[in-house]
Structures are given as structure tokens and as C-alpha cells.
Ligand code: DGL
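Next up: just one chain, as C-alpha cells, the form predicted alone.
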Amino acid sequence: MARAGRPIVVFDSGEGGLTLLRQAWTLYPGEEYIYICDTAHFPYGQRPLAEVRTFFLGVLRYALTLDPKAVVIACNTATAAALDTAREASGGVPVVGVVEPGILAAVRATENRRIGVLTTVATHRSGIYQQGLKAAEARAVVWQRPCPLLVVLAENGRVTGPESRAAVARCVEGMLAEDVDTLILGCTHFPHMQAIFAEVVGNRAHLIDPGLETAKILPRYVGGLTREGSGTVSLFTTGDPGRVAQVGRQLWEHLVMQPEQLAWEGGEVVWRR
């Protein structure tokens, strides 16, 4: 693949990570981005963490062949499963996860130290947010709730309408009743429903988007990033490129490129040229 410069690789199991990619593109439009989604194994959030780790490390090995300046795990479940291992295996390429930036932003935002976290089932079971929040703020009181239906709705482009609004309300109302003043959207699929969350939550709690917070801190890992100009975005999927393109345009109207096909062969990811 011919490239003008070293890319930033952004990874997710599906199209949730487009929320992070969109934020990074807005902040650093002159960079080159490669988005990889392992939709062949979507959703990660219902899988054992060991299995997720295996999948992500397979994708990472392929991503490293692209000579990236950084790899961003735009997936809370994969961050919980594989961040430390990925950093050991990356050969010095920075690997950035989305959990810690979200935690630090929540600790800065909260006034009463009562923090809610919406996650996938696997992220919930990992305990990564509970542990991280208590490490960052020992007096924090943390409520967590897995919301797998929101992941499925977002991955199918259903981010507006009564069904999605009702699903969001079911996820947040119990936490708001506990007087949480800060709510972490602990899956990158959830910010696709940002407008609904803002409507349902109103001024009752601060909404934290870990993808946005991760995009903000990328320069710490890779130095100066280009805040001017016009870079490129390339998409790759292990699933159906046509479906990824269709849903991707629903979620991000300016995303007009056709995804390239990746495939799993013997536990490794290869590009089907």
C-alpha cells in the first residue's frame, strides 16, 4: 500500500471506534488514518477476555506491518483484554487504549465522586473501570452497568428513534437515581447515540466520551500531530465490506470510502488485494 507518511491505526471490533476516529480526524486532519474493524468476530463484548486478546493480537501483528506511528485500541473490551500484552508485543510502537483517558476525565469532572460507567458485558466483568477509578480517586463510588443492546443498535446504524431512546433510558435511569454526577460511556459504540444521551441525561450528569479523551491525548504518545491540511482515511474489515460501508455512512455521513477486505487465515490477518 503506497502511503505519504506513517499512519495512525485505529482498531475496533466493529464500527463503534468510528466515534474516536471522527474526533481524531477533527483534531488532526492532516494525519493519515487506517481504521481496522474485526467485524468477523463482532461483538467482542460478549466474549471471554482471553479470546478477545487472541483476536486483537492477530490484528496487531497485521497492523504493525503497516509501519504505524501508533495503534489506538478504540474498543474498551479489547483495551481491558490486551493493552498490556499489546504494548509488550508492539516493538516500541505506541499502543493507546481508551479506558485510562476516560477515567481521568471522569475524575476531573465529578464533584460528588459518584461515577457511573456503561459498558459491554466483558468490560464489566474485567473490572477495569472499577479498579482504575478507585486508583485515580480512592473516595470514588462507582456504579457499572453492561448495556449490550446499545452496542447492537449502534452497530446496525440505529442511533436515533424511540427504540434507541428507550434503551438508553433503561441503561441510565438507575444510575441517575443513585445521584451519580458523571457518566462514562464505556464503549465506543455509545457516543454514536450522543444526542439521545444528552437528551435523556440533560444536566443531571457529565457525559464522558473516552474516545474523545483519547483523541485529545494522542500527541503525548506520537509527538506533534498535524492540525492543518487534508490527510487520508482508509478502512479495512474482516467482515462484509459492503455492510460496513453502508452502516459507516449512516454513522458518519462524510465517510464515503469503500472498505478493503481483510481475512483470517490460520489465526493471522491478511489483506485480500
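Predicted, not measured: the structure shown is a model, and the values here were computed from it. Heads up: residue numbers just count along the shown sequence, starting at 1.
Omitted here: the form predicted in complex with the ligand. The next part is about that form.
When the ligand is considered in the predicted bound form, only one residue from A106, V117, C187, V72 comes within 4.5 Å through any heavy atom, namely C187. Comment: the ligand is not present in this chain, but in the predicted bound form one of V151, V95, V180, A82 has a heavy atom within 4.5 Å of it, namely V151. Stretch-level contact analysis of 218-226, 238-246, 43-51, 62-70 against the ligand in the predicted bound form, using heavy atoms and a 4.5 Å limit, identifies 43-51.
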